[in-house]
Structure formats: C-alpha cells, structure tokens
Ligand code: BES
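Next up: a single chain in structure tokens, the form predicted on its own.
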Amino acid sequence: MALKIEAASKDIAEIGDKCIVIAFFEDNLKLNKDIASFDKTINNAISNSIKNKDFKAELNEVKSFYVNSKKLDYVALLGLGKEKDFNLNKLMDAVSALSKKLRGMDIKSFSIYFDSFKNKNFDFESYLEKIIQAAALSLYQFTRYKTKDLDKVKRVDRVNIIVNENDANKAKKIVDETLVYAEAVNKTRDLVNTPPNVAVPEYVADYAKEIARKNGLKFTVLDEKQLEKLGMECYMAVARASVNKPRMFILEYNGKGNENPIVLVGKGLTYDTGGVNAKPANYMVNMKDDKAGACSVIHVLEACAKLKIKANVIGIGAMAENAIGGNAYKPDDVLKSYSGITVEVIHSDAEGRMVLADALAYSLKFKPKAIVDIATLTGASIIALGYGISPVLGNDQELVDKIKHAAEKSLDRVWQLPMPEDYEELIKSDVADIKHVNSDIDAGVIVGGIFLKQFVKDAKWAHIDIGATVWAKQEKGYKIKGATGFGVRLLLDFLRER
C-alpha cells in the first residue's frame, strides 16, 4: 500500500510530525502527566480547549488547532464518547473520522498517541490492530480510471503510532501483520471496483495467476473446454451466452504438511445482467460487485502466504459472465450438474448458485477438512439483515460457530440462519431432481443455502452470503462508497484461529 503505517517509541514532547493526535473519553477529560507536560509547551492549548468546552470528546468529534512549534504544525483531539459504551466498532469509527478529517486538511503525515486510548476494557493487541485497520481502510481511494484533477486528490502518506518503549517490538509485529489484512481488503476492493469491460473472467484468472507466482502458490485454471468436458452443465449454462468465456481458477497454499485442506469457494460473476430474466436498469448498476467472493478468495490466499498461516488452504474462484443472447440458459431448462444431480431452472438471475453448485462439487476432489463458500448470492440477505450483516448457514454447527467467533474478532458481522429439513420441500422439482429457486419469494437466503447444500455431500460446509455487505452506497466509518472487501478479515481470522 502507498500509505505507510509504523509503530515507534517516543516521548510525546519529542514527537516531530505534521500533527499529533490525542484521544479523550467524554467522561474522562483529565490530562495525564505526560499530556499535561506537553500541553504546557503549546501554551495550554489542550486544557484551554477542554475548559472552554470547544472540545467535549463526543464520539467521532475531531478538534484540531495550529500550534506554534518547531516540531509540530497541528494538534488534533479525538473524541471517543462515553468510556462505558466504548467498543472496537466505535474505535474504528472514531479513527476513521479522524483520518478522513486530517486528510481533508491536507495533512500528509500524523502521529497517534496510543496511550490516550487506554480504558478499563483496553486490550493492547486488539486496539492497535483496529486503529491500524481503521486508518488504512478509511483512507482508501479508487482513482485508477480518473484522468482529471489528480493533482487535487488529497492523500495521507504516513501514520505513526506512538507506543511505550516496552511495547515497541510487540507493536511492530502487530503492525506488520495487520497491514497484510488491510492490504488484502484494499486489493479486494480494487479488483471488485475494476469495471466489467476490463475485469472479465480471463482477466481475473490471469490476475490470480500473477498473485500465485509472486507468493509461491500453486495455480491451476480450467477454461471453457475443460469445464464442459468435466460435465459442468450448470456452470457452463450461465456462461455460454457471453463472449467472455468462463474460467475456474484454483490457488493452493500449503502451510501444514499433509493435513487435509480447508477449501474456500468464491462466486465470481464478473457481470450479471440477470440473463433472459433481465434485471431492471437500476439493479444492473454495480453488478461488477458480483465477483467479490472470488476476489476475496484470491487475496485471502495471498495473505495466508504472507502471514505463513499454519493451515492448508485451497481457493477456488468460479468466474463467469451472465449475459443475454440467443443461446442463454432460460427458465424450464433442465441441466445436469457436475455431481450428477439434475437441476430445473426457474429464474436465470439466480445464476450464482448454478456456478457454485459445480464449483462446490468439484471442491470435494481435494478431500477437504471443511468447505466455506463466500458469495453475493441473494438480495434477500438485505431484507433479512440489512446492509451491515451477512447471513451464515451451514451443515456443521462447529464450523459455523468458528466463523461466528471470527466475525466477532474481525468485525465483519454475520448472523446464523437455520436450514430446517422441511424447507427442502421448497426446492423439489416436478421434472428434475431439484429446482434451483423456490417458485415463490419466501426464505430466499435459506433456500439458496439449502440448494448449495445438495452439492457438498457429507463434507463440513458453511455458506456466507455477502449480497448485502459487498457494496457501500454511502460513506460510513471505514467503509468507502463502492466495494467494501467484506469477508477478507473474517476468513483470515477464521483460518488463523483454526
């Protein structure tokens, strides 16, 4: 990443930077000994600001002022709200608000006084990790296709986090590892944001190949002829109307000898028109985000290699484009999947589960310890949980629980939905083994999960539906308009804990 983030040990009075950031809680506006001593060198600017109630330390409040100092241009005070209500989500939001405010002031480098964030619930590692992530993710910008006024784009080049001397070595390790996470999220955002005329299936597969080459990963790609030869009728039906031919890539990371791998399967629809059941125009906008599952898988595998995670991980990206044409698949078609199960097509806009059906069945050849798929599968996920939480479903409660635990740590929030046996009636077909969509609109997320479940046999499997969380329509905290990179931190924490 262009942004540099480092941890260093310095006395607060010795910090030389464009700006120093000091945090306060709304119900604890006292200056500790070091801050009080520093305050005297800047004519009591901090204590006066608090005394005059120019700064109240309300959550996300940022008060900055110019100081006449040889070492500093600005001091910024950051509000953390009430100490008893503070949590890691609020920490990330506060640091995100700060980072964007300072960038708006064209401050290219600033230092964060880490000790000022301490409170009764303080945890060194998690606080440091979330501050780094907040700065790196909130300062993300996608300008690759801009050609005008680039000189006016404001950027932060460096963030320094000032820690105690005793914590310096520990902090450096945390910074290095956390930056791998942040880079994985931001590179996922970049790839998802890349427009569909550029990021066609072959482009994404070639991108994955280059990631593999740079990180010592084994790489395999299957083209349309190989996919057809394997009997992946469901996958090929979705792809066949497009001039951009499908590609399935396989990335393999070996970090634990001969242990059976965890397989990650990502949906990779580089664009989705809806097929012959065409989407309304306003629903086609941003459908480049339909490849986000596969984009996440690429960068999770890259991060596994950089972090030397002790696990064997295989990443499968099922890349295709769902286009409209004379040979497009259509409702009432019956297709034979790679697993042998026959599928009745109900609606051509439920294409993701068709591609995933064959990819999941293919993943069984690796004799996986567990399978986790991540996919922009349904709009129903928005109705179920809104834009901030992803549904998770699975056939193994222990596996789902591990994902839920990783979600609590990563802050990529999930909520488990059930898959009751009687709901399998909803995908029964009169003419084939199963149909891929319920004919009504009931239980859309659950039905999608139940359909996918048919293709994993007895393997432990979980499904994460990122249909709602993949894209941010407005800026909020560390989420920037556009691709969010949701799921990358979740999967990395899941893999590291296993």
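Quantities reported herein were computed from a predicted structural model and do not represent experimental measurements. Heads up: residue numbers just count along the shown sequence, starting at 1.
Another form exists, predicted together with the named molecule; not displayed. Remarks below refer to it.
For the marked spot (Lys130, Leu139 and Gly477), a heavy atom within 4.5 Å of the named molecule in the predicted bound form is absent from each of the three residues. Looking at Asp373, you'd find every heavy atom of it more than 4.5 angstroms from the named molecule in the predicted bound form. The closest heavy atom approach of Asp93 to the named molecule in the predicted bound form falls outside 4.5 Å.
Contact between Lys245 and the named molecule in the predicted bound form is not found at the 4.5 Å heavy atom cutoff.
Taking the partner from elsewhere, Ile450 is found to have every heavy atom lying beyond 4.5 Å of the named molecule in the predicted bound form. Segments offered: 75-83, 348-356, 404-412, 299-307. Contacting the named molecule in the predicted bound form at heavy atom distances within 4.5 Å is 348-356.
With the partner removed from view, the residue among Gly325, Pro420, Gly379, Gly386 that has a non-hydrogen atom within 4.5 Å of the named molecule in the predicted bound form turns out to be Gly379.
Shown without its partner, this chain lists Lys330, Arg155, Lys279, Lys367 as candidates; in the predicted bound form, only Lys279 has a non-hydrogen atom within 4.5 angstroms of the named molecule. Along 436-453, a single residue, Val437, places a heavy atom within 4.5 Å of the named molecule in the predicted bound form.
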